[in-house]
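Shown next as structure tokens: one chain only, the form predicted alone.
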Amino acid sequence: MTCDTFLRVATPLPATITAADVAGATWDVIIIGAGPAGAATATQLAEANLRVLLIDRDRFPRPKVCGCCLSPLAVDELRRLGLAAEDTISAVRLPLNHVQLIAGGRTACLSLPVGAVQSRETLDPAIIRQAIAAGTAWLPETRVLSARPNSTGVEVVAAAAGGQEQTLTTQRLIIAGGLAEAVRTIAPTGSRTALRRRPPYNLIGLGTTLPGDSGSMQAGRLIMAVARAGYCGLVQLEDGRIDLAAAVAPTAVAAAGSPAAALTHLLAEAEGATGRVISPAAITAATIRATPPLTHQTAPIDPASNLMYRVGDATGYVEPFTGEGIGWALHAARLLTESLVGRDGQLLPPATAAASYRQRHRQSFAQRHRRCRGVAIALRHPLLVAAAVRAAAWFPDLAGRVARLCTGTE
């Protein structure tokens, strides 16, 4: 079963409120984007008895380019949300405790602190359901076009699929639109999109899911293949499918002629004579999805107003080799909630909340991002990576400790 087949047979997560009722209400918080960061923020704010509206342009479950790996941080944050590993979350979450590195025709297997694997088709709806159970109003298939802060709150212009534009009002706006955020802010200086800083030679994400018989995979083991064009992660999902997620240079995709060809070339170069992990024919037949450039930095507080915040991938992202993306998103959701809500359960003054979130975000993520940027720079040198893989095969215990340092779990 491929991802597209899975989504065709999956039951969509229905809205809990109509577009007419949404426009007729005043909200404490509107959250744009129902990925892990947005849905987790909605859950915690609703638990504080705030009136929360969660909007997404898609319906769920949905396809998503993601490695589907949950770091120990992610598992801990899910436990805080009430989604522990032993709970039933539409499927069984698989433990993840090994990574197999492949580069320059060599391979090494390293142990990691126990994380988990879960498909986004089951994880994302599970967090949204948790938000709904906490009292969040849920409105999918609705696109937010713009946001205009004023002296008392934020006016949000949104349009449901096939519907007219409507203006919503909220005291605070949270943008959790990920890498593909497209919300325009209308400030006194004019309409604009978020200012994002991106490094040169940025990579894009490519991803798909493959049938379980497309290759030889072991449950609980992440395979990371590194080549000159980028790197590719492969992991078995809870339903037997194989998730493929890669960070690849756009020039390599253009030179190969297609995303599938670029992925096939990357894996072939990394594997050398070690044998094929995945059938090239399976990749060629798959639907490959892409992301915008991966690494960026965007201010967590919108410059136009202390009433608008960003969380998760919308605030910053570093190439996902260390598999910490979902953990970062969930952790940032908790930091934002703690910054917004006072001990009395009320929203804190805008300037106070903004200053707290800005400081908490910097303290929590600045070092993590620097570490991941260092790993990303090292990955630009395939000969260095191949030598590291060779050394890891000789000294697995030491290499395992280095791997834990690289992923921030040592």
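For every residue, the number given is its place in the sequence shown, counted from 1. In this text, all values refer to a predicted model and were calculated from it rather than measured experimentally.
We do not show the form predicted together with a small molecule, though everything after this point is about it.
Contact check for Gly135: every heavy atom lies farther than 4.5 Å from the small molecule in the predicted bound form. Contact check for His265: every heavy atom lies farther than 4.5 Å from the small molecule in the predicted bound form. In the predicted bound form, Pro125 stays away from the small molecule, with no heavy atom inside 4.5 Å. When contacts are judged by a 4.5 Å heavy atom cut-off, Lys64 counts as touching the small molecule in the predicted bound form. Contact with the small molecule in the predicted bound form, defined as a heavy atom within 4.5 Å, holds for exactly one of Val52, Ile32, Cys372, Val385, namely Ile32.
Exactly one listed residue, out of Asp302, Glu121, Glu77, Asp313, brings a non-hydrogen atom to within 4.5 Å of the small molecule in the predicted bound form: Asp313.
Stretch-level contact check against the small molecule in the predicted bound form with heavy atoms at 4.5 Å: of 212-220, 103-111, 245-253, 280-288, the positive one is 245-253. Shown here without its partner, the chain carries Leu13, Trp27 and Glu165, none of which come within 4.5 Å of the small molecule in the predicted bound form through any heavy atom.
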